[in-house]
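One chain is shown next in structure tokens, namely the form predicted on its own.
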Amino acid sequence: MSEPQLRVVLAKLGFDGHDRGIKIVARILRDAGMEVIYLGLRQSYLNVVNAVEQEDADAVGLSMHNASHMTLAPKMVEALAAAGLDVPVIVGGIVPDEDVTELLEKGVAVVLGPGASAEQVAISVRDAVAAKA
């Protein structure tokens, strides 16, 4: 019996317009057998929460490249919790090492940097979902 296919919502919050990395992550997750719901650029918390609810998603992946990670990622965690959704938030992109611990303390499940391999990305998503189960 195979494991159920994970559903992951990917989004760029706020005004970050760099989408090359998140499109690569979408491909990595699809190649790893996951269903990806890519919301695109300039999304709001509400759009992401609605997508998680409507798609019955198992995780949220956020790509951060404009130094907004310390504000936007914790607010995404809070918005999901306020909606009663217990799904992990995975952050990828340009996040300074000194910010990682604080993001984890604020509820982000995983932080992946630019050097993360395709295998690390897929395993991190699976592990974050399993930890919430």
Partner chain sequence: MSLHGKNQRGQNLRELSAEAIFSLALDGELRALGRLITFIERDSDEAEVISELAHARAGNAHVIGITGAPGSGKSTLTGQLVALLNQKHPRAAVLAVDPSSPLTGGAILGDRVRMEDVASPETFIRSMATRGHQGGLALAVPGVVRVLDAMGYNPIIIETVGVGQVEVDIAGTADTTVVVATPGMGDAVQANKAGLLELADLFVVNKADRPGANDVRRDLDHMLDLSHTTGQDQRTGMRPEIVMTAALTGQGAADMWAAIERHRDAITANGQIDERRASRDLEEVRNRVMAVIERRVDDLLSEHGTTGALKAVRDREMAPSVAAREITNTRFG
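Nothing here was measured: the structure is a model prediction, and the numbers come from that model. Residue numbers count along the first chain shown, from 1.
Just so you know, the form predicted in complex with the partner chain exists too; it's not on screen, but the next bit is about it.
- Against the partner chain in the model of the complex, the set A11, T71 and L104 makes no contact: no member has a heavy atom within 4.5 Å.
- A single residue from the set V100, A79, I94, A26 has any heavy atom within 4.5 angstroms of the partner chain in the model of the complex; that residue is A26.
- Contact check for N66: no non-hydrogen atom falls within 4.5 Å of the partner chain in the model of the complex.
- Mapping the unseen interface onto this chain, Y45 falls outside it, with no heavy atom inside 4.5 Å of the partner chain in the model of the complex.
- Contact residues in stretch 100-133 (any heavy atom within 4.5 Å of the partner chain, taken in the model of the complex) are K132, A133.
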